[in-house]
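The form predicted alone is given below as one chain in structure tokens.
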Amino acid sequence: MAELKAEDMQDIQGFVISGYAHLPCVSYLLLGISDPPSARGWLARLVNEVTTSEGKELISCLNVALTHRGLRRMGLDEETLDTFSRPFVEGMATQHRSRILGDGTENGPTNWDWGGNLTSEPAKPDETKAVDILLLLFGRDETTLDKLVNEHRARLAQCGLTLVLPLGAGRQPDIHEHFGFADGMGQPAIEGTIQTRDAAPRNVIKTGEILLGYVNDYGKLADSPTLRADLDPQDVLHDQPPVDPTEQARPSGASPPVMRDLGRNGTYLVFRQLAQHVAKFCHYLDEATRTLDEELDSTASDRLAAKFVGRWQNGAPLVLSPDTDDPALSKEDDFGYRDSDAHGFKCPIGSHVRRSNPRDSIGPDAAKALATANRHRILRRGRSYGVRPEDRRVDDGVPRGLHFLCLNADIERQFEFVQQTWINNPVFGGLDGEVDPLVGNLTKGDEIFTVQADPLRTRVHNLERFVTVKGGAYFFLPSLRALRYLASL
């Protein structure tokens, strides 16, 4: 059974262990490969600049990921490419995966500003919007970031790369996103890492739930892309361990061919650019909570917003503080729903945080429910983009939103499951005709949201689309060993 060692931390990209909260300024450079040999030379030099998980960088950080199309253009052979997971191979913008994610109407890939790997399907995404590489740059201030971005942009043309789109991002000092809520709450912690230091035991997940090549919650090694040993003559990669950690050596003459593990210490990165329609969100809340005298009620509006989210604006979970935004609970994450709020009287069953992680609430008992929920956890790494509006109730026409990034070892079982089975499920938790009020696919529901209460529930109608998908793709975030191998092709 593989365990994290010191040398593994030197091999794992830093973005896995840290979201770099101490570096508030960010730029995501979406790149295309125009000349593969030159791009491999660029990658060979870049590996020495990639931030690893072994320590904390205080000035700037750099990480890199590639799409399936990008790996092919780098020169990875088709046999190896086929060993990657099916969602990654197909790409986020295919018709099948769009149905799973609920990306239709305004959210459809044909309306995206970027993203979409080329596929064999009849409707191919625009070639000019397809992405091969994601370069993630972080800085302690704007000056540091600008210098870093300019240095890397200056190299592109000479290195066989094109800039598809630069995406700016950041983190406000109060870490609140544009709807006004504290972001980054409720993260799982990877077993065997520093993340577990302050984590509740219920939030610790197996290493193989995030990193490829390690044991996951099923007691199996997380599926990892592999290649024949003869394709790695310099022995850059680790040998592939047995799929079953308890598997014994086979009888003489029946040994399988030696394979190398391309995925170990890497993970899959999901990237979705989500535009937030702040004024529309605020107007909806105002209209839904007007008094009988048609007066605005800001307290009721804030309360309904909290019911949508499942936390108050400063982060306090409703299940622990249903009536007020308690600052002392702003970072609290050690709680469940089954014993204290089974019927959703405190935190509505259909709220965003309860759907995205139902914890111990769905299953025959609390322990089994929590174990099941933890098999679908993702490690979020999002950042906001765009300036905050001077008046949140005025549509100033300025683009703003959230760059949603997450890490997971199994895109289908983790990210896509959350989207399809929890976020967009109209009968989630016993509801009927409801989807997530913030990011759900409204075409699957009745555009309603129920606030459970005793003796009478309340319900708001005619939900609007407060968030729109503007781009997205599935990436592979390789280990440093894997990056060196790709550069050597």
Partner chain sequence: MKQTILTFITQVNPDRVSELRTLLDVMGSNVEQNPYIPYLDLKLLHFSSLVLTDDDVYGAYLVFENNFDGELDQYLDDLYAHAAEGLHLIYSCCLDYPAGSATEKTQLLSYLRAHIVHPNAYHIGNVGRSAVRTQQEDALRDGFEDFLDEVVAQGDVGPASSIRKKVQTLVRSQPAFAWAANVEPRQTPLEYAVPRLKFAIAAVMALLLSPILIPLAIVWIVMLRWTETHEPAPPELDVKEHIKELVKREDRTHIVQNHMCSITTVKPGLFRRATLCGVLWLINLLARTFFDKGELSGIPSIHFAHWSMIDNGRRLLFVSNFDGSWENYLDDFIDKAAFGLTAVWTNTSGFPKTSWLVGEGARDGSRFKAYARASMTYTNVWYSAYTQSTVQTIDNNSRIREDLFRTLDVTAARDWVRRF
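Residue numbers count along the first chain shown, from 1. Predicted model only: the values in this text are computed from it and were never measured.
The form predicted in complex with its partner chain exists for this protein as well; it is not shown, and the discussion that follows is about that form.
- Proximity to its partner chain in the predicted bound form, defined as a heavy atom within 4.5 Å, holds among 220, 147, 228, 155 only for 220.
- When its partner chain is considered in the predicted bound form, only one residue from 86, 393, 331, 388 comes within 4.5 Å through any heavy atom, namely 86.
- In summary, the region of this chain contacting its partner chain in the predicted bound form, judged by heavy atoms within 4.5 Å and restricted to 165 to 173, 278 to 286, 99 to 107, 313 to 321, corresponds to 99 to 107.
- At a distance threshold of 4.5 angstroms between non-hydrogen atoms, residue 375 is in contact with its partner chain in the predicted bound form.
- Taking the partner from the other structure, its partner chain in the predicted bound form has no heavy atom within 4.5 Å of any heavy atom of residue 233.
- Though the partner is left out of this view, residue 345 does reach within 4.5 Å of its partner chain in the predicted bound form, counting heavy atoms only.
- Heavy atoms of residue 417 reach within 4.5 Å of its partner chain in the predicted bound form, making it an interface residue.
- Of all the residues from 448 to 471, those having a non-hydrogen atom no more than 4.5 Å from its partner chain in the predicted bound form are 454, 455, 456, 457, 458, 459, 461.
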